[in-house]
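For reference, the chain that follows is the form predicted alone, supplied as structure tokens.
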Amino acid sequence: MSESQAITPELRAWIIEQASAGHTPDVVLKSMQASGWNEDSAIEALEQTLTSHLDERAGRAAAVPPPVKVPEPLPHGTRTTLWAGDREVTVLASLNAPRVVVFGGLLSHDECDDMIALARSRLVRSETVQTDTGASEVNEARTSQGMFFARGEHVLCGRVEARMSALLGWPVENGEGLQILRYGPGAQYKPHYDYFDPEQAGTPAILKRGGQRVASLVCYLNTPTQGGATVFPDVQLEVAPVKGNAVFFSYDRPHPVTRTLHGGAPVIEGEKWVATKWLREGRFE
């Protein structure tokens, strides 16, 4: 099987979703072939995924990992506003399962513009972590351009990271550097999980740099004309990309039980810029 046709966690989740919806294996197979899978690889992916799923339902698979501590912006219950160290942030929406909070005004419009200006000249085709080796690779599921700032690389980065830390109650040093992404017309990021799959061979090496990812904060640096929502397919939730706003979600274990499957819907008109902060269990080096 080629690298482009690897059985990713997102593919497994999609196959199980189709089976749970009552679609027959033949229908799922045809859909995979239509999206570029060759027949032998698609059949192998179906067999492995559905067999594993049946094993889980029969109780023969490994137990769900225990939960760990995660960032929580609303430890004392829902509020309309939160103080984030240097500015007030509005709570626009909150969901408990999965844990999702939508913030208004996390960044000023000037900060959004300045972040884009700092990142623009360093954009390259976005990559994803290849969890079987721990390396990064271009993935057809992610069609954006992006770059990473080192933590605290600019005064602006340091100020925004301190604000995020105060808002979420999580140490600055437990965060990866800000990643800036640009999505042009038609660009998207298909549904995926942000945690590192424990079953993949490269995950132990990745976790040496700060442990597992436990939360994500996606900040919108502009407002696309149409499209580009952040979607959570498991709960049919769409978060509109509005300049200065952000969506936070946490996952207390690296398992689909967190219901944090999410993606970036295609941009239909205009472009979308986002700044993403991933938070780790421990200090990220």
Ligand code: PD2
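This structure is a prediction, so every number in the text was calculated from the model and none was measured. From 1 onward, residues are counted along the sequence shown.
Although not depicted, the form predicted in complex with the ligand is the subject of the following passage.
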Can you work out whether the ligand is within 4.5 angstroms of a heavy atom in all three of S94, P233 and F248 in the predicted complex?
-> no
Sort through 200-208, 99-107, 178-186, 83-91 and report the only stretch with a non-hydrogen atom within 4.5 Å of the ligand in the predicted complex.
-> 178-186
Does G263 reach the ligand in the predicted complex, with heavy atoms at most 4.5 Å apart?
-> yes
Any of the heavy atoms of V218 lying within 4.5 Å of the ligand in the predicted complex?
-> yes
The ligand contact at I15 in the predicted complex, heavy atom, 4.5 Å | no
Interface membership of E161, the ligand in the predicted complex, 4.5 Å heavy atom rule = no
Using the arrangement in the predicted complex, list in sequence order the residues of 263-278 with any heavy atom within 4.5 angstroms of the ligand.
-> G263, G264, K272, V274, T276, W278
